[in-house]
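This document opens with one chain alone, in structure tokens, the form predicted on its own.
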Amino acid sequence: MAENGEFSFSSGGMKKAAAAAFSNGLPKIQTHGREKSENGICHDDSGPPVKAKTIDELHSLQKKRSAPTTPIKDGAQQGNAAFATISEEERQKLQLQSISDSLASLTRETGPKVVRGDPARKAEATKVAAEHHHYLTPTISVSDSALKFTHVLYNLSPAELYEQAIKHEHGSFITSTGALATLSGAKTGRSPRDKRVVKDETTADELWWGKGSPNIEMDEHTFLVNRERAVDYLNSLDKVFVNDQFLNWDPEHQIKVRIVSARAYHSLFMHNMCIRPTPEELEDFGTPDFTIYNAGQFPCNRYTHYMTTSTSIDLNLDRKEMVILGTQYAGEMKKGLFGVMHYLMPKRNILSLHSGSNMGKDGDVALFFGLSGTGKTTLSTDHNRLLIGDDEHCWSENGISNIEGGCYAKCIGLSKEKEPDIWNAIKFGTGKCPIKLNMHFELESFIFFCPNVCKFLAVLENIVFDEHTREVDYSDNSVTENTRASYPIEYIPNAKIPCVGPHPKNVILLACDAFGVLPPVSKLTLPQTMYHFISGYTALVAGTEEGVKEPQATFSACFGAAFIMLHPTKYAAMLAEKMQKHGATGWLVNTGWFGGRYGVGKRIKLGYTRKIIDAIHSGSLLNANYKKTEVFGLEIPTEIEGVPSEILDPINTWAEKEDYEVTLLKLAGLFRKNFEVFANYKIGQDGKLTEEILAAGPNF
């Protein structure tokens, strides 16, 4: 990447001198301790280690004693056309060959012998293997590993995965609603400092490196060492789970992914989170565009180059592979694929977005950006509107499309009253599969379903439940604060299936301002939208993290710095272009405090925020009267139906006006300091937009 921020997606590589530097290898990182530098990485859902000291202690945290006590017993498109004409026998052979190739060691001539079926069903497996199943035998034997089969459990149904987890995975239980409760082990959140990306001649120029970037470099040789370790571990098992699925509901830009994992829990999680192929699509799946090797139960070798802990999440964009070692937290797979989309989609001039999205009855689409605790999920889930998705989207020439096939919601403090849709989605149930229509995004009058009734199953991660009733206590954080639920989007009653929509009409940036100085809502100019999009501001309040005694500003570029691959200004330039082309309006909505900072003022009522969002959706807020604030220069409405007018200008709600001015300037200074790292990057061909964005920041 050039210092002026210009981006090149060509495959030409770097200059010879730079290439020579790479041939000598990257600087060696010491392996006897963790890196000290914070590197400005957004933690997001990462967290402290679990309280348990042993596996048994961890499992004991999961269940709580009930009263009275009831005794519980321990327990590539090439070749796809050929699929349509070959026999079922040949098709199965090709499918197994593809899986064998995915599991191949790089130091042996062929992949392992693979066979369909569950090794636990010995009698049945022996009979079926003799009559119907096919396996691949290596031409040479280099170790005892060549003498065994690796049983492949391929695209199992939720019910089958449920059964596998309950039977074979310690810590898996059935809750009172039928959802699967399971544990992710010692890691209950992402490990951003253990995530690495191969830096080669292409990615050195294309990706965002350095201060504030989530991308920590590694070389290809180290990646291959870790890949070999993961593949050897997976091949040593009696069985592995393989999911072939899709990303992106837009059929024109869909990505094929393969996930190879050792746990039924991981396979079920990805069944929920990715887009589920129909039987016909599965037959013609062919070679995946990207593959994940999840060997999270096995650690990386800390004596390996660049390793600083026993955990490593490694991404190789050239090989189109991801390797997971030393962590069983399922969110690493979800967010790893999101990072891949952040790299692949801009190459097609498609903007990848960490946002929620919904659509009104008239086809008006809104995007919701926001960090944890800002209300992104709550506000994008609206009973009066169709939900396109709650977290990850693409904005292409066709419109908006959800990347995922499911939702991954935080559960701590969950209640039926506050989040009825999420509450009701945590179940084992049935639903009708959507037909993925091969079409552009005209507005549909109906939601289309295929006639096949399919089973779905929610996964509860690291929650605590009553050992007798199996009722979940969502307020209990004994295992972790980061409790999660994974469920298919079909479980949301007003989900729009297919998960696509027209070009957005409104772009809503959510901030939870614990300083109490940002207005409840502001209409933004295009440069202001870009400024606040790149800033990605919210605030931590006392008690949310250890050592936080007063409000602290936190910034995450593009409202998702932990997942983006390119420099934030690249995504901002694409957002500006699309908003300008399609006439979208930008809004800054504060869901935080007024009348004083956290501990002094009050938090804005959710009912008021919903009235504000309703006014944005209806278009009535565009026609309101506005006035401009000092310092941030924000346009704020003087009146909104259902919202007290005095809170629309935050200075009106502060008893001590002088304290308001001091706090306002403090926050403005934090914004300015955070933006310094972006000031030297040119956005657009002439850099004019960069100047306009800088001018749109605080002026004092």
Ligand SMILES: Nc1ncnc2c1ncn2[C@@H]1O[C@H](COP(=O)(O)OP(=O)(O)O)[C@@H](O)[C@H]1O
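Nothing here was measured: the structure is a model prediction, and the numbers come from that model. The first residue of the shown sequence is 1; numbering continues from there. Superpose the two forms; the largest set of C-alphas matching within 1.5 Å is the rigid core.
The form predicted in complex with the named molecule is left out here; the points below concern that form.
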Task: Binding-site state, shown form vs the named molecule in the predicted bound form, superposed, 3 or more atoms under 2.4 Å of backbone or C-beta - done: open
Task: in the predicted bound form, segment of 232-240, 371-379, 170-178, 219-227 with a heavy atom within 4.5 Å of the named molecule - done: 371-379
Task: 4.5 Å heavy atom contact, Lys410 and the named molecule in the predicted bound form - done: yes
Open item on the list: Taking any heavy atom pair closer than or equal to 4.5 Å as contact, tell me whether Leu606 reaches the named molecule in the predicted bound form.
Closed with: yes
- [ ] Give a yes/no on whether Thr591 approaches the named molecule to within 4.5 Å in the predicted bound form, heavy atoms considered.
- [x] yes
Task: Contact of Glu419 with the named molecule in the predicted bound form (heavy atom, 4.5 Å) - done: yes
TODO: Using a rigid core alignment, state whether the CA of Thr291 is displaced by 2 Å or more between the shown form and the other one.
DONE: no
Task: Core fit, then Pro277 C-alpha moves 2 Å or more between the shown form and the other one - done: no
- [ ] Return yes or no for Tyr608: a CA shift of at least 2 Å between the shown form and the other one, with the rigid core superposed?
- [x] yes
